[in-house]
Every structure is written in structure tokens, then in C-alpha cells.
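Form predicted on its own, single chain, as C-alpha cells, below.
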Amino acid sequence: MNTAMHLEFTSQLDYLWALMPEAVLATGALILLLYDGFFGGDSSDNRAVGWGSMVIIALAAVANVWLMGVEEVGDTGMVALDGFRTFTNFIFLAAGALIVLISFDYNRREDIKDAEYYALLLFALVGMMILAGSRDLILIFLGFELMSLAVYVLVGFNRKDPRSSEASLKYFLLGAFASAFLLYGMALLVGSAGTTNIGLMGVMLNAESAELLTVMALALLAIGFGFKVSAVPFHVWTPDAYEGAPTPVTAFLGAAIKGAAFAAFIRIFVLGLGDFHAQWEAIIWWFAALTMIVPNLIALVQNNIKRLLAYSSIAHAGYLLVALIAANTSGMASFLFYLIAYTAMIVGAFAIVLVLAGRGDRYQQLSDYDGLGWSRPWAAALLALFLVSLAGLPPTAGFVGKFYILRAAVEAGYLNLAILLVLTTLVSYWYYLRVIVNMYMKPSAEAREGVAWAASLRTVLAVCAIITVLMGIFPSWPLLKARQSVAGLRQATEQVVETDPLTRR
């Protein structure tokens, strides 16, 4: 007997049930602000607020588990109730929990006020989860703006550091510019299709006789998404934002924000506009190619560790674009697998950078990492592990993730992009291994201030290291779950490509 809850989206209460994880996060963020206003005082070292945000994230995860048992009647609601949404929700919530944990001692050390920081982090998670679960352009735009406004403030949250304020201003100005492209593209698409529902657009529009208005809408949407995922040539904000933002926020930018934008990309381009694959393929092809080539070359000459990882993050956006342009079930599953692996790798790497940078994030130059393999062996070993995985060397999660993306591209017929992915990965070995060479093959740098390894930080590093290693050695289970999460989207993807790789197995 099927006892699952069914939602018909005939009342506002149905939408409240469908958005239960997001409602928990938003309500929790408001409670944190009220608690701090009445009981927080002026101290920035308010651990109760930090642990409260962890409890809220845990409750949102429980709500997401409950959501897995809810079924929708039809598929035209503004909010999707499918495996893809719940799977990405878990990734975002896990990333948020890791960022909260590495923020505890960082905020105390840098004298950053906790309540507003964690509330903004929770609101950003709400926006990200709305993006991954929206079937309506209006809701997607609201999710983008909620996420972006929270992150703009988080990037500039360290008011005592002028680099943070500068990064926030640049990010805000370019973000507002990109939002205009995104909104204008959505407006043209609605004018062409006559609906804001992404699922109905594929029915209302004719791909064989696409109007100029539709093609212009696709181009503007691609530009807007290009900024959100740091695709070349819309990546110029990324190095400055990564360098100037508080280090936990930098990790959040690299891990979760990019994944949310890609999830919305799948909803609009792969699922809603899958029949228009021929029209948007050329734009995304060039985005993917340039985003793999340019940042990998620029990263070769970087001497700041946060800027180096920023250009690395841009290059990884290019790899994810390869998975999405394949527009098949294998590509979407490999995207989800890689998103898990990349979240663990980049959060772990920035957690080590946080430890080694000292108060005020002073030690960010690669020369500051000279000899760390001997002076701080555990930190150097963990950073080497995360860098090797980011480079895509076996037997790590990064290697397996790139292999699955490579296979999806070849199966979809994009052999040129597959070859380019391999070549640019080889180029990236230089700057990843350069850091490792500095740590193990150069004399130690001058004595400097050390940062204690807090229990929360050790927990994050242990979790990230375990995921990085286990997903490289035993990738079958997470890949199976990723495939199951996109199984409900299979019908839509089959409209894009003639051959589904899963049918060959």
C-alpha cells in the first residue's frame, strides 16, 4: 500500500510542504538573528549561534529526507519533487555544515560577528536549494537573487580587511550586471513561449523553426549563467572575490555556489530546452573549451594560493560544462558525482589554507609554503592529498570524477572536448605539483604564527579526506545514487540525445 504524501499544488499549503527544507532554513536564520539580538551581546565569539546553525542545517536535512517520500501529481508545479532536487539538497547542506564548522575558530580569530554571518550563510543555502528545485523561471530568478545578495555581503564580511570590501564591491557590481542579462533572457524566453514554466516551454516552442527571439533569449541566459558559474570570459570577478573574501566564504564560493548555478542550468537548458540543444550547444561548447584552457594557463604564473585555487575552480567549471553539454543521463550523473568530490576537495584545501594563513590571512604566498612538509607534516600531507585529487591523479575522487565526465563526453560524440579535457588536466599538474614541491623540496620559510587545530576543523579535514579517498577507491555506490537521482529526468534527456549510455549496460 502506497502511503506516500501526494501534492497537487492546488493550494499555498502544498507549496509550504514542498519547500519544507527551505522553510526550516529561513525560519532558523530569523531565529538566530532574534536570539543574538536579545542574548548575544557584543561578543563575536558566540558559539551558541554557530552550533544553532548546525542544528538548523540538521533539521533541514531531516526535512529533505521526509521530502523523499512525497510525491507530486503531475509535473507542472513550480517546485520539483524529484530525486535530482533531494540529492543536490544534501550536497548543499553538507557543504554548508562543513563551512560552519571551519568558521568557528576563524570568526573568533578575525573578530567577525557570528549571528549575521551564519544567518546569511543559511539564507544563501535557501537560495541554492530553490535553484536546484525550481521548475519556473520566476522562482529561479528569486533563488539566484537570494543566494547572490547573501553571498555579496559574506564576501565583504571582514570589515577590517580592505581586500574583503574591494572584493565584495567588484562581485556586487558584476553580479548585478550579470543578473540583468539573466532577467532579460528570461523575459525574452517568456515572451517567446508564453509561459514561465520550464517544463511547458519544450511543448510551446518549436525547435525546428526557432524564432530569433528564442535564440536571443538562449544567448542572454547563457551569458547570465556564465557569470554565475565563472565561465570564461565572465570569470574576471572570481580571483579577486576568492582572494579578498574570508577564507571560509571562499570555500563556500568554490564548493556550493557553483553547484547551485549548474543545477539551475540543468533545469533550464538540458530539461526545459532540451529540444533546442542544437541552438545552445555552440555557445556552451565555446564556454567549456575556453573555461578549460584560459584559467589553467593563467594559474601557471600565480604566486598567491587563494588566487591559484580560484583559477583552478574556474577550470573545474569547464569540466562540469563538458558533462552538461553532453546532455545525457551519464553526463548528469557524472556531474552529481563530481560535485560531491569537488566539494570535499575544495573545502578541504581551503581549510588547510585557513590553518596556514594565520591571523589576518597574512601567509598566502606560495613561498610561505616552503618546507611545510617538515615543519607541519599533517597539514602538508592533507593539502597534498586534496591538490592531487584536484589534479585528477588516481586513486582519488578527482580522477574518477574526471573519468566519468570524459566517458559521458565521448558517448555523446564530443571527442574534441574530451581530448581538450585531458590536455588541460595535464597542464594543471604543473601548478598543483608546484605547491607540493614547495612543501617537500624547499627549505622551511621563516618562523611564523601558528594556528591551533580546533576539533571542528579536524572533523572537517577528516570528513573531506575520507570522501576524497573512498570515492576514488569505491566509486560505485555514489555513482549509483547519482544515477538513481536523475532516473526521473531520463525521459527529458532522451529527447536531447538519441542514445542513452545506461541502455548499453
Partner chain sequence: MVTEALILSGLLFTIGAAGVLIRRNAIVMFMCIELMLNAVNLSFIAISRQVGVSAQLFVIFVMTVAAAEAAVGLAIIISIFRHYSSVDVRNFRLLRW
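Numbering follows the first chain given and starts at 1. In this text, all values refer to a predicted model and were calculated from it rather than measured experimentally.
There is another form of the same protein, the form predicted in complex with the partner chain; it is not shown, and what comes next is about it.
- The partner chain is not drawn, but in the predicted complex it has a heavy atom within 4.5 Å of Ser168.
- Although the partner is absent from this view, Gly244 contacts the partner chain in the predicted complex, with a non-hydrogen atom inside 4.5 angstroms.
- Using a 4.5 angstroms threshold between heavy atoms, Leu137 counts as touching the partner chain in the predicted complex.
- For Leu173, a non-hydrogen atom is located within 4.5 Å of the partner chain in the predicted complex, even though that partner is not displayed.
- The candidate stretches are 276-284, 186-194, 80-88, 95-103, and the one lying within 4.5 Å of the partner chain in the predicted complex by heavy atoms is 186-194.
- Each of Leu142, Arg159 and Tyr311 is positioned with at least one heavy atom within 4.5 Å of the partner chain in the predicted complex.
- In terms of contact with the partner chain in the predicted complex, the residue from Val203, Ala180, Leu415, Leu423 that brings a heavy atom within 4.5 Å is Ala180.
- Note on contacts: among Arg307, Arg434, Arg109, Arg407, the single residue with a heavy atom within 4.5 Å of the partner chain in the predicted complex is Arg307.
- In the predicted complex, the partner chain lies within 4.5 angstroms of at least one heavy atom of each of the following residues of 284-310: Ile298, Gln302, Arg307, in sequence order.
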